[in-house]
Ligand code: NAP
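Take a look at this single chain in structure tokens; it is the form predicted alone.
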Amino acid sequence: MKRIVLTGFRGTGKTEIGKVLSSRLNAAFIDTDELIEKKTGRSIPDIFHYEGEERFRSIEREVMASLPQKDVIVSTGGGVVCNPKNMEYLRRNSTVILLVADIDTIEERLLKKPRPPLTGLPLHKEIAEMMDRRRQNYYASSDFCFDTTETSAVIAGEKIIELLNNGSSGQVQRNTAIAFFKSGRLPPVPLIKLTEILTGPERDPKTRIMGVAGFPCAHSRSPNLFNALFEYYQLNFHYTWFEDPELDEIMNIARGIDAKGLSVTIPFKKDVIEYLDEIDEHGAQKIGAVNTVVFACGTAIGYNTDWLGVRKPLVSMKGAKAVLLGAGGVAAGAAYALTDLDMDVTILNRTLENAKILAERFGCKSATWDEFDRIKPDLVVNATPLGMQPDTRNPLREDQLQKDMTVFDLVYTPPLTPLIEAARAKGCPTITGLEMFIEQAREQFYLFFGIDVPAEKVRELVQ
């Protein structure tokens, strides 16, 4: 039997439900907090008091790494999900079930079994704050989510077994999804595999679907990358292309098959916001565009990782004079990244009004495309689709490029765009869209699974 891991805040029933699953499935039960106490000969409150949280987390990681790989039910501590290394250990070849409950129920349960406080706040406020602080990590930890608010451990255990046996989507929804994928441009071999996963006689109901949503998006390298990462980390997921001109159709299909998440590309990065329950205030909300959707516990949350993909390769150019080409969703993320690095940014766009609107949002300058030459930037960032099939034009003339000008093209297919080729011919330092793709994909993977993939691993898989 594949390992079953229970995550969630304390008081959500992990121990009790874990014991029920252990009995019903004839598998060993392990409580990781008990393992830590056995390993150290101390109670967890004592470890925190005498050795500190850092030491506790170190011991916790050692315990996570030592867990059996199969035929076991594992109940984890409430904070285990916050460490990427723990998530790598726990997610490997496992089914992870996030247990949730409302705050009042958790408070009532904890009052019956008092535990050392995590903060100096009253219990109700402490629960609310800690759950909010960890929520993204909890959602990333979940293959499936189960609400224990109004159920006993026995009933919860039975329903979880039913969920594991049948999956979280119905036959009608899966058949509808296959019809959708057949109507798109999914290549024959991936379509056959997807059909087997969703409706085949040997289908594993625990396999979850993810994908890239866009039109067009058949050029995207995300499916190859993510599926390779799933194999590397032994995650029971499959990533495909959700290509359709109607975003409404894509979102209906994704929700119908209980997709774990979507990477969102052109032209839906702004439009997708209206389909979401929440958007992350630290990036997506300020940028006004979403490239990552995480579905968890009935909620769809939007994030933007594009800006981090732009920012990380440019850290050494903080304070530079920059020209940003374009004023769409990708450009918004780039503008956020450049201004975060205190750059003097001018946004150029064929439609000046669009450049002005974006510039006002981020405190930048704006100008027409023809004014490029007078600006003399240290850095040029192309956030237009020019250079990507089918429009392979260079957004700049060759004579506009100077050898001391760094050129960053956010287009990553083809790997060497006309702009990058022309810039290299002039001796310009260049950054290809592959660098942005690598960094934003790493951030996406963390949001989806709580695992911090090394950049070198991503680069190895996409080369």
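Throughout, we count residues from 1 along the sequence that is shown. None of these values were measured; they are calculated from a predicted model.
Keep in mind the form predicted together with this ligand is missing from the figure; the text below concerns it.
Highlighted residues G211, M251 and Y275: none comes within 4.5 Å of this ligand in the model of the complex, counting any heavy atom. This ligand in the model of the complex comes within 4.5 Å of a heavy atom belonging to I266. When this ligand is considered in the model of the complex, G329 lines it closely, a heavy atom lying within 4.5 Å. Looking at P313, you'd find every heavy atom of it more than 4.5 angstroms from this ligand in the model of the complex. This ligand is not shown here, and in the model of the complex it never comes within 4.5 Å of any heavy atom of V407. Between this ligand and the residues A423, V411, L396, M64, the one pair within 4.5 Å by heavy atoms in the model of the complex involves V411. For the residues L262, V290, L338, A383, the 4.5 Å heavy atom test against this ligand in the model of the complex is passed only by A383. Stretch-level contact check against this ligand in the model of the complex with heavy atoms at 4.5 Å: of 329-337, 93-101, 146-154, 183-191, the positive one is 329-337.
In the model of the complex, no residue of 190-211 lies within 4.5 Å of this ligand by any heavy atom.
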